[in-house]
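So here's one chain in two forms, each on its own in structure tokens, numbered structure 1 and structure 2.
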Structure 1
Amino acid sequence: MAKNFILEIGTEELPPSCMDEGSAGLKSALENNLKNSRIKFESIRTFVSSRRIAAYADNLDDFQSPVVKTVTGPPKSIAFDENGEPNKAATGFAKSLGVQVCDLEEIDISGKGIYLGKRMKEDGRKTAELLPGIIRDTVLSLTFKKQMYWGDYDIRFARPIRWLAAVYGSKVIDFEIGTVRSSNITYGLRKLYPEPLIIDKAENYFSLLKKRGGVIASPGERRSLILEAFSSLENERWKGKYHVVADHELMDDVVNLVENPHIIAGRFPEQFLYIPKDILIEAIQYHQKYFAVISENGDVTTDFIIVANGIRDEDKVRRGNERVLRARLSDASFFLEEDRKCSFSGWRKKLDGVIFYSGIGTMGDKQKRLEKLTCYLAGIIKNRPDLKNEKMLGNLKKASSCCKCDLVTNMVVEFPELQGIVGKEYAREKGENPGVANAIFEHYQPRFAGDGLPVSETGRILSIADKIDTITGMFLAGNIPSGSEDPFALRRKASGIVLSTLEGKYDYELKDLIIKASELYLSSFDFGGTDMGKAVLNIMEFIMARYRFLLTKKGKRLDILDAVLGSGCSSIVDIDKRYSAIEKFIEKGDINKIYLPMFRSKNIIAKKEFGEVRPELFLEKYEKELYDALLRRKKGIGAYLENGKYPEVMDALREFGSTVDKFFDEVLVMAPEENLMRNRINLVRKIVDLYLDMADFSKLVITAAEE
């Protein structure tokens, strides 16, 4: 037999940020604890709203599953006397189990021998008896990134626990956490449905909450209700002409802020429509969590949407919220007017008063480094004269001298999420050309996972330089991401560097850029005994780890990347080109003609090095031939490498492979004569170096199919 089970942890209003955590944590903890207690169930679903985290188990068995336990007694060898009669050891053991010696079994314990013992079936205990302990353990095991204490209790949770409801079938499961004792009582919306609600049966929980408590426990259902209300407003009220700006993050928040979404459309005065669009939308969304409404041509309208929590008097709530938004917008408008009185040069001065990070100075310092770093980066990008012309450099200098200025504007201090957007708008207002204005916005991209990349060259270069500067600074200051800790989103920044570099096809040595960034820091700050060479390598590795991650996400092979990195190449674009050349070559099925000769060569030399090759010591035909081929190939391959013609390099290496193979087949490298052996090893080393100019092919993982 089985019954359904509902557990509800009633809390004070939970922050939306902890709800997924709570819901997922409860599900896995309850599943594990039930499994460990051998109680079977069909499924467990969890639900979360601002005042509750609930778990519902379908068909939870009435009893634990029975278990067979083996009890072992004395070794057989000491349990019987010379006549084969059981001695005290055997009878005593049988007695302790309440059975006869003849009921005992022989248990073979591997490595130890045969023991007397008995397999005993243990019936499961009643689920209802076990549940109090299981639930207590489950609830107390939940953890949140941010948790708190309350009152005088020793319990920690995301917000205070105020009631506990636990009903199995129709039976209350009785337990206590702190001073809160469980019952079959739940609560609906605070004000509209203040009466306690009795859960008579677990399966009635959801309908009870919805009908008599006004609470929709499922986040998915709340979301659909909100979206449905949006589309009915769009179709009926606005006849398809206006649309709600259904920002994702805002929606996630709002779904979890209300237990019973009640959508109300409000309006604000037209006088605020002069505020630039992005700023206006943010002012509507940011503090108040309203949704903005835009017209067919994308302009913000005076309509906005309030998602209230189960209310009675729509008019009163609308009026209240309209007043609040009016105040917010007059605030935004006040900030706009105040900011219009200032200039970028004034803001630049103020940046000197904003700490970038402790130990590595101010945003003003950062801004000054960026001016140098962007120009340096533009300078080292190969084959791109267009990035070095006067207009381009002019834009870069301008944008990199003021991209952080908006941080000290009234508007961004009030609406931090508008960084970049405000900078762009203000630059435009002050008459900067669109190239500069756009770059100010773009340099923050990608701002979140899945965000777009900078589109303009200026924005892209500035974006890469800014991110390199931040990562370098943080590494030098010892603030290196570890595990889930990455408060400055350095990983996302590193991904941004890789993606933008590839997108712009910017061929530059990443290592040089990092060295330059470090030098800019070193000229102003003291990092004590930091080993700069090592720091540069660490940063390089950190960024490459993101490249690796991006390749993995695309299902690409990492061994190819390792091979390419083995060449010492540090230009992301160049790495990418070599990668594709090798990848394509592998598809052709010929990779062994490069892999094997290189692998053999590398094994032979195994870090030995004796100096230059002396052709006068060659005795054998094939070593002479190899040497000549090497000289020839080195020239040809060198030219291909120079021009990035990697498929040609691969073809040349394949052809070269047969000469190498011949050499190994016909010539004894480890010759008894010391001088011959050394000379041959030196020759093989040259061979390895030739391969390494392209990649360290020995790092490839060759599958059977490729062999």
Structure 2
Amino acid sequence: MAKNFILEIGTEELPPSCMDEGSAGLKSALENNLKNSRIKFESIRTFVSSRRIAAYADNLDDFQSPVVKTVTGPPKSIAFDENGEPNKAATGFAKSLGVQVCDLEEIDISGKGIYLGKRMKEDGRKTAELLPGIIRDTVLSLTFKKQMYWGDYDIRFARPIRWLAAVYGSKVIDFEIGTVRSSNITYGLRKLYPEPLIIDKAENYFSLLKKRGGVIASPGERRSLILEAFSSLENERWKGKYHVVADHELMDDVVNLVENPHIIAGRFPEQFLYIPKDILIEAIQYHQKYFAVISENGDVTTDFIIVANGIRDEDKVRRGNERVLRARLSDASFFLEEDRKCSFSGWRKKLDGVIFYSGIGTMGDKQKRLEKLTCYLAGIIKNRPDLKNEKMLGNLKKASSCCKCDLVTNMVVEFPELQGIVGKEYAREKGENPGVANAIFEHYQPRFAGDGLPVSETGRILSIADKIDTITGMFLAGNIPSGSEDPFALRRKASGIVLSTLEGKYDYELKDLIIKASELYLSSFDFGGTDMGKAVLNIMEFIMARYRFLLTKKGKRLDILDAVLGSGCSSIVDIDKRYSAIEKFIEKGDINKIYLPMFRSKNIIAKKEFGEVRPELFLEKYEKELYDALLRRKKGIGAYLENGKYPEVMDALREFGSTVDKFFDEVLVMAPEENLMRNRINLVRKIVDLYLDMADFSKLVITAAEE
């Protein structure tokens, strides 16, 4: 008979950043461990809040599934004597299994022959007996980006574990982690319901938490309650004139921070409304996790929303939070006024005293590099001559010279989360055009998973240049991400480069940009004999790995990417176009007409030396025809490649394939005469080069359906 099961890991308050990974990790680990233990279940759901990570398994079987195991012994050929009688090898094996020789079976092991063996059924053990080990392994396998040890224990977790509840049906599953022993006890809201709660049955866990502990276990339910309360305020109290700024990232944090959301509307003094809108909203939202409220025309109002974690005295909570926000906005107002006394030129000088990273200079150095790198990038984008005009280059120079200045403003020193936003607002106030001001903010995007990409051309180019500069500097300084460790978020920056490049459809050679960024570093810093060629290649591979990751997320074929990269192309946009053309061609079912001729050609020239083709040495009709076709195709395909007409390239290569096949069928490449053989190998090399102009098709993985 199946029973339900609840596991709850009670902790000190968890940071919002680790909750989703804790919930996903618990679900994955518990599912895998139960499956590996042959324990069937209907489904597993996980729940997370600020003080607990829980998993609920529906209909967990009482017993493991039985399994039939095959035990093999000696080969049959050596287990019997010449009279067919079992020898010591057979009798000894049978005795070890507790059976007679006549009970043994003949087991056919592929590639080895017939062996003596026995198929033995192993009954499943009770689930309740296996769960302690399964749960312990599950909990200890959980990992977080930020973990900690506590006390004298060698256990790592996001926060110290304070209680463990594990109930299967109505039975407590007994196990221990560190000095914390499991029980059937859980806890509700700390201040409102401090008494222990006893879980009598696993299926009663949720109602017990909600009714007697004031805790809503489901993040989805908490989110829905918050959004419903927002909607009620907007429609009933404000009659549609005001709207809550329901920032997604803030909402995710708040849902994870509270276990029973209670919505309270507060107010702050009108005197703070003069603070620029984006700065004011960020100041309201960031530290205390409040939600700003805007009017129909988009102006910030004096209302704000508090999401409290269960309350007794609403007025007291409102007054306390209003007092806190007034203090924060007073600070913001003071710093704003102090910053208005300064200029961008003064801030630029201060950047020379801010270290970017040890060994690669200051933020002032970085900003000077950006001024050169952005204009260089605009200049090498092949398909956008408009990016090279005087106005665009002027905007790029101005934005790149100002984009890091807000890091030394009073406002950002006090409110680091406002970097970019402050720079944009101050640039507007000081009369910079919208293109420059917006680029100062946009060059940080994407700042986090799910964040938007830069919208303006100036912001997009500055963003790519800034991220290339950072990645190049970190690689040259030896700070290369490994495993899950990526303290400077270089992978996110690499993804930003790829996404912004594709979004802008910027056709430029990534390798050239990396080389330029490296040269700018080398002109000022010594990296102790670093192999620059290898460093550039490593950076290139690191960034392309993010493009590979994006393809994986879309369920795309990676062998096509490998084929395209085999051409030596380093333009992300060009790689994307080639990928699309090959993918669509494969769908037509004709890929073998390109793959096979190239595969044959590449195999023939493997590990050979090459020289020039000498047409006067041609003896056979088909080698002459191939050479003539090669010259014609090279010219035509070259024109297609120059104009990015990759579907036409694929069609031309398909037609050329029949000429190549005919050559191989009719001409002996490895001719006895040395000069003929060398000339034909050189000709085949030219064939391979023609294919490689598009892609290395030999790297494709051809399935049976495509053959």
Partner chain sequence: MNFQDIIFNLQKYWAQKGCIIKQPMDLEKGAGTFNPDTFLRCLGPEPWKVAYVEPSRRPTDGRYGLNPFRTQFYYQFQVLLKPSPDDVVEQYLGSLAGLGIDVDNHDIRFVEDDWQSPTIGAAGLGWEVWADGMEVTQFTYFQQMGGLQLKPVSAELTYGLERIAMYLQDRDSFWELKWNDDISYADVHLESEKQWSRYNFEVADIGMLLDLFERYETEFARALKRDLIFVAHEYVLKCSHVFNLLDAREAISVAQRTSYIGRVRKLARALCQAYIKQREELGYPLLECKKDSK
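Numbers follow structure 1, counted from its first residue as 1. Heads up, when I say rigid core I mean the largest set of C-alphas that superpose within 1.5 Å between the two forms. Every value quoted in this text rests on a predicted model; they were computed, and no experiment measured them.
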**Complete:** Between structures 1 and 2, the form predicted together with the partner chain corresponds to structure 1
**Request:** State the hinge position among D62, G478, F334, D590 for the rotation of one rigid part relative to another between structure 1 and structure 2.
**Result:** F334
**Prompt:** Rigid-body rotation of the smaller part against the larger between structure 1 and structure 2, in degrees?
**Reply:** 9
**Request:** Once the rigid core is superposed, tell me how far the Cα of G178 moves between structure 1 and structure 2, in Å to one decimal.
**Result:** 8.1
**Item:** Per-residue C-alpha deviation between structure 1 and structure 2 [E322; rigid core superposition; Å]
**Value:** 2.9
